[in-house]
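Next up is one chain by itself, shown in structure tokens, the form predicted on its own.
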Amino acid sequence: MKRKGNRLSRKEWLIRLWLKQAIGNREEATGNKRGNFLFSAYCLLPIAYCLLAVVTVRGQEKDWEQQWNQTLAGARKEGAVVVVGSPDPVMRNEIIPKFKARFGVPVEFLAGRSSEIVARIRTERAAGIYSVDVFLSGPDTTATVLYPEKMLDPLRPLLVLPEVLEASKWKKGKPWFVDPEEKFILRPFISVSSLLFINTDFVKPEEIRAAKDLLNPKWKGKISTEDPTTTGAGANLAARFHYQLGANFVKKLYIEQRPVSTRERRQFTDWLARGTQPICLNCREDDVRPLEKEGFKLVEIFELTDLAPGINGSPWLMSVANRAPHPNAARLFVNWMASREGIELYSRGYGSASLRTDVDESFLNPGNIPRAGVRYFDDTDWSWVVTGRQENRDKVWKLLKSR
């Protein structure tokens, strides 16, 4: 029985009745009605509040369980959840099988480059087709396309699991919604970002202590990068270099050093392992780790003396599509994905530190875990993504076109 307007629930009414009777019984026993009323009320109110708190908590527990069971039943009836993201072995090998085993709901994963997927979604929506439920996308796509083009529904109201909502489970004291309205886009990760990888059979760690060491003529043609002239990780890193180190550094690195670029991420790690390009600016840790296990001497570099260390929200920001075709399955997925189990699976597989306090981080590279007292450059900061990065990226593109 819920409270309506100023009416009390039945449980609250019974507690107040108990309090009134308890005070009345004490008055009858002592004969001092006014004095004992005040004394009794003072003594009994804390007990009453505790009882009311217990009732409230139990009511909330029952309420979330009811919502969760209804969501699960609805998701199974819908039969699937459609998730968009980048090509990711963690998603395919860990998340999808575990989610289906846990809830009996298949995940249809649409993987590809963000620009291509966004173009497809725009075309579908123009035709009145809404095929996507959940976005696990990078900050550029999320902040400059999905959010401003109003493709999203609020995510915050969909969270129901106590372990997702409990403040103590998050390093920031709450789930971190990074959009201006603080309700659409959840950021579950905060990891120190690598600046580059090296193959120590060809490059000694002491040879790359500062960013300027990349400009050594001996590394000409020996550096690989994702194509910096198109939107993506290559252009994002170049924009950061431009912002922190200036146009002259960017010109020397990306033009005079003749780095080898590609849009195929697996090509980077192949070049890195073979030593044809033993310095990689945009290799991903989840691609490099299997090669390390095979015995290749690959080292991830997080800090350079002339460049502020950075953090980011990789591997993704999470949001929910509006007019989702499988709303219950979407709710089920985002709650589980933000839970300890979901985040820990991704953290372990991808190698990123999370914002949850209950995730085991012992398996992470210590360099990935932010240190207290260090001022980091946040590459996923909303204002940087929306304005600063774009401004510096445009300057980089203009500079590279002039070569």
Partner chain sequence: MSSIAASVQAGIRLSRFRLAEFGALLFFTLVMGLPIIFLLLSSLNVAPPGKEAAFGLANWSRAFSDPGTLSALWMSFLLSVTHLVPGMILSVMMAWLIARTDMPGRNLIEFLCWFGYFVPDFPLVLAWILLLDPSFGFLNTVAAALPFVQGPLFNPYSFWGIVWVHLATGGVWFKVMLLTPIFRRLGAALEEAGRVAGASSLTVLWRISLPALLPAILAVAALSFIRGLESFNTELLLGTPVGIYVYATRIYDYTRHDPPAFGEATALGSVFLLVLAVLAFFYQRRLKGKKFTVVTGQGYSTLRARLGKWKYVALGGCLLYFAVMMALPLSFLLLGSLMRRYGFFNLRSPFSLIHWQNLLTDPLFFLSLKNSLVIAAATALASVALYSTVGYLLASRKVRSAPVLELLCWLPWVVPGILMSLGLLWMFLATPLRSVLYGSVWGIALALTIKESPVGTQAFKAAFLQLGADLEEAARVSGASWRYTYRRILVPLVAPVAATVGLISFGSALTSISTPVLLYSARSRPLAILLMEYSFSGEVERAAALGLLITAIVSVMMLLGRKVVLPLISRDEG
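Numbering follows the first chain given and starts at 1. Since we're looking at a predicted model, the values are computed, not measured.
Below, we refer to the form predicted in complex with the partner chain, which is not included among the displayed structures.
Heavy atoms of every residue among 145, 231 and 296 are located within 4.5 Å of the partner chain in the model of the complex. Although the partner is absent here, residue 285 is not a contact residue: none of its heavy atoms lies within 4.5 angstroms of the partner chain in the model of the complex. Among heavy atoms of residue 101, none comes within 4.5 Å of the partner chain in the model of the complex. Within this chain, residue 116 lines the site of the partner chain in the model of the complex, having a heavy atom no more than 4.5 Å away. Using a 4.5 angstroms limit between non-hydrogen atoms, residue 262 touches the partner chain in the model of the complex. Taking 252, 156, 122, 174 one by one, only a single residue has any non-hydrogen atom within 4.5 Å of the partner chain in the model of the complex, and it is 122. For the options 207, 108, 303, 179, the one in contact with the partner chain in the model of the complex, meaning a heavy atom within 4.5 Å, is 108. The chain is drawn here without the partner chain; in the model of the complex, the stretch among 241-249, 207-215, 180-188, 222-230 whose residues come within 4.5 Å of it by any heavy atom is 222-230. In sequence order, 260, 261, 262, 263, 264, 265, 266, 267, 269, 270, 271, 273, 274, 276 are the residues of 260-280 having a heavy atom within 4.5 Å of the partner chain in the model of the complex; the partner itself is omitted from this view.
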